[in-house]
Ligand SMILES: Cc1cc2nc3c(=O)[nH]c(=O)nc-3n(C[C@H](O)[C@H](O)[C@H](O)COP(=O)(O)OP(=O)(O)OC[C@H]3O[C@@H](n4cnc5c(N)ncnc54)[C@H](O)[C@@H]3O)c2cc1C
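Consider the single chain below, provided in structure tokens and representing the form predicted alone.
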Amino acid sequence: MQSTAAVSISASSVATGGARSGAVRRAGGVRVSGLRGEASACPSLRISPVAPARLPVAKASTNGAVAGSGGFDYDLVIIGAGVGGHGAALHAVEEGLKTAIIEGDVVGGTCVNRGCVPSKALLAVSGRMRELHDEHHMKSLGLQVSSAGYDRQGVADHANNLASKIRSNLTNSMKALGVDILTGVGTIVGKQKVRYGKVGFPDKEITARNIIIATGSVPFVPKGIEIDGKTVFTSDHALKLESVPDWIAIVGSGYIGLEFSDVYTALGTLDQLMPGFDPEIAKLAQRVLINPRKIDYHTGVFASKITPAKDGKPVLIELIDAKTKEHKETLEVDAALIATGRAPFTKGLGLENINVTTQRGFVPVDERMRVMDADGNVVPNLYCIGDANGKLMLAHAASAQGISVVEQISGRDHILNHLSIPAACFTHPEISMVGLTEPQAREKADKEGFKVTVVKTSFKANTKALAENEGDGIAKLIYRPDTGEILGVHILGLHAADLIHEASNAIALGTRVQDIKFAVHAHPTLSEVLDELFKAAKVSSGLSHSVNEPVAA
């Protein structure tokens, strides 16, 4: 098997014009890495409790006519039918709002059609292939596997069929609840007015008491990179799995790059990590996910130019020194996956009609997702959620923001706590996180004058992980010993993406360490990793805790 080459590139120089800085936006550090075979995936919500403040709201009457909506066609119109728009639409119907959703492409958006959903199908395959090819692992379980192979088209069909099924489920759920699905490109033409239509058909104009922008994002391609969709491509193309190149370079070391490195290296074809991740977790991830695999990588360089293969010549990747900008070398590979993150899809929305100016493409919003105009004022009855506002570019974050907006529209003030929203990278093993990294927590502590304590537990001490011979991994808790406040939790290990939610819920609900350490976890389960983690935390003496007394049977 041919060795792989990887080039680590820092985000600051390549990603000009995409997302703002943050834990989960564009893939920070960019790495070009050569690979030989594996599969990828995508990231995971929580809402902070806020005391409800009653606000006036127009509701739809039971016979379908809009009650008290001032003659508007709808109480709510959502532009974009991705995961965020879908979540907002369903909650709006539950609240009795007459709702329409406008979609110019297909229901489900990036996550369902070109992101989270099909990538999970590929990752499921790559995980199984990796396990079957691990002879030592198989023997330790007493299993013998003579050979393991895969059918590329069958794998691609599995991903496409899953996306189709989920897309159908989303569409049917909205139709069943009475959401009007309007086909076309939506444009805001004035206060509470939207025009939509598609090529070859006349445009239509509707009015709405409230409008939510949920148009999502598209792959971000840095300058100097030429995309042909075949030999130089983005994640949108890669998920079709039209080929598995022998020698591939991945540009980008965030969620997308890491997951695709997992796909390609498992299927026969990655890189350094991972801006926004806790440094200790990133270091361990490199040891577990990168070093043991056939991956060659370069650090301290940028990919200044990438040219697709043509006329029998390979893909050419020109690398320059990150500091001096001098040419260092040129890589020749069969294909290059550009995984440098996502950029907001906000062009053509008609924001100029309501005095709104985007910031690097993102729609400016306040903490309640209300759109801000060029003068810094709130635009009445207009909201923006998901990737288009750049606060946290995750599908479940978009859904949570949409639900939060509907709560406000329905008369209950609500502010989403973004620090309680978990994120996950579906590599093998998985990585997940919620809240602050250790450096972020210590910076906050220095500014606000409190102490930070860190405790860790290992998967090697967990019975369920050992039973599956999957002991690689740790869980890390960052907290305040004076109050017991949970500041962050980070996990690398078996099913980390599922385990993180106990921590995210604790942060969202304000649960303290001294309370959650009394929660009971089934034995033997992976959840005991977090059980041990919370029990290891020590808080200042004298802090009270509440333990509910059991009710006598």
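So that there is no doubt, residue numbering starts at 1 and follows the sequence shown. Bear in mind the structure is a predicted one, so any value in this text is a computation, not a measurement.
Another form, the form predicted in complex with the ligand, is not on view; read the next lines as being about it.
- In summary, the binding site of this form is blocked: after superposition of the surrounding C-alphas, the ligand from its pose in the predicted complex has 3 or more atoms within 2.4 Å of backbone or C-beta atoms.
- Every member of the trio 84, 217 and 349 reaches the ligand in the predicted complex with some non-hydrogen atom inside 4.5 Å.
- The contact residue chosen from 73, 105, 334, 95 relative to the ligand in the predicted complex is 105, the criterion being a non-hydrogen atom within 4.5 angstroms.
- Only one of the listed residues (464, 120, 137, 237) places a non-hydrogen atom within 4.5 angstroms of the ligand in the predicted complex, and that residue is 120.
- A residue is said to contact a partner when one of its heavy atoms sits within 4.5 Å of a partner heavy atom; residue 116 meets this definition for the ligand in the predicted complex.
- Taking the partner from elsewhere, residue 473 is found to have every heavy atom lying beyond 4.5 Å of the ligand in the predicted complex.
- Remark: residue 184 counts among the residues lining the ligand in the predicted complex, judged by a heavy atom distance of 4.5 Å or less.
- At a distance threshold of 4.5 angstroms between non-hydrogen atoms, residue 110 is in contact with the ligand in the predicted complex.
- Across the options 465-473, 390-398, 154-162, 408-416, residues that bring heavy atoms within 4.5 Å of the ligand in the predicted complex belong to 390-398.
- Although the ligand is not shown here, in the predicted complex the stretch 341-373 places heavy atoms of 342, 345, 349 within 4.5 Å of it, in sequence order.
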